[in-house]
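Presented below, as structure tokens, is a lone chain in the form predicted alone.
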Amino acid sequence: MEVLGIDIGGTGTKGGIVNIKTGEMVTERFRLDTPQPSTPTAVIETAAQVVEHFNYKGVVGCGFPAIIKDGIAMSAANIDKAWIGTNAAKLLSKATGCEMHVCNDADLAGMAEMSYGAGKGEKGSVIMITVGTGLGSAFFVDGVLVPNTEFGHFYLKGMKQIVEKYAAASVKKREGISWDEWAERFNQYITMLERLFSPDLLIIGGGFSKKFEKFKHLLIDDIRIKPAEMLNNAGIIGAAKHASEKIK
């Protein structure tokens, strides 16, 4: 079975068709900039362009940077606040003419890694952190997803801003800090995760997964850490898998 997955992020909107059995992309990834401001109308139009690019008809999975419950956006992380309270699944389905199934973007990236990648076969507690425009999270206990965790919205002790405003990939770029300085910040974050959840495995996903060799030696060794095997395509692959599970 081949299903289209779309990953809507704060910076880019990406899509591709995935072989659900193997978890492999069967097309080249197609990427468009996420419009700014990222209002519902603008983002929906961009997602529709992704579907049109592949001339695709059928069920579609879509990762979205928000807490999602029954297709409705309950928050708006790195996307326009006008999304809050909107039925993203319904609006996207209407615009594309396809049956769209929408979930939190990091949850779907984690689903891909647990099904096909770095987390496959792992027991106990696994946390995946997507390091990109923000810090997304996916939390699994014995392979079962605990949805919409948003661990990137925690506050570190003494801070007046959420941790993704302090240690995301976009922060390193914006502030021009070194790998050493960024890793020091990120270590504070994962130390907090270790104290709260004692994860058996931490997976680094998002845009920084492909740069893992640049900073892996700088990370604390209290936690077993692996890079996402599907790199920045994990969101697309997880979205496609999620949609395939909704086919009756």
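Sequential numbering from 1, following the sequence displayed. What you see is a predicted model, and the numbers here were worked out from it, not measured in a lab.
There is also a form predicted together with beta-D-glucopyranose; it is not shown, and the following applies to it.
- Using a 4.5 Å cut-off to beta-D-glucopyranose in the predicted bound form, each of A77, N104 and L135 places a heavy atom inside that distance.
- Using a 4.5 angstroms limit between non-hydrogen atoms, P65 touches beta-D-glucopyranose in the predicted bound form.
- beta-D-glucopyranose in the predicted bound form comes within 4.5 Å of no heavy atom belonging to K172.
- The stretch among 172-180, 145-153, 85-93, 110-118 whose residues place heavy atoms within 4.5 Å of beta-D-glucopyranose in the predicted bound form is 145-153.
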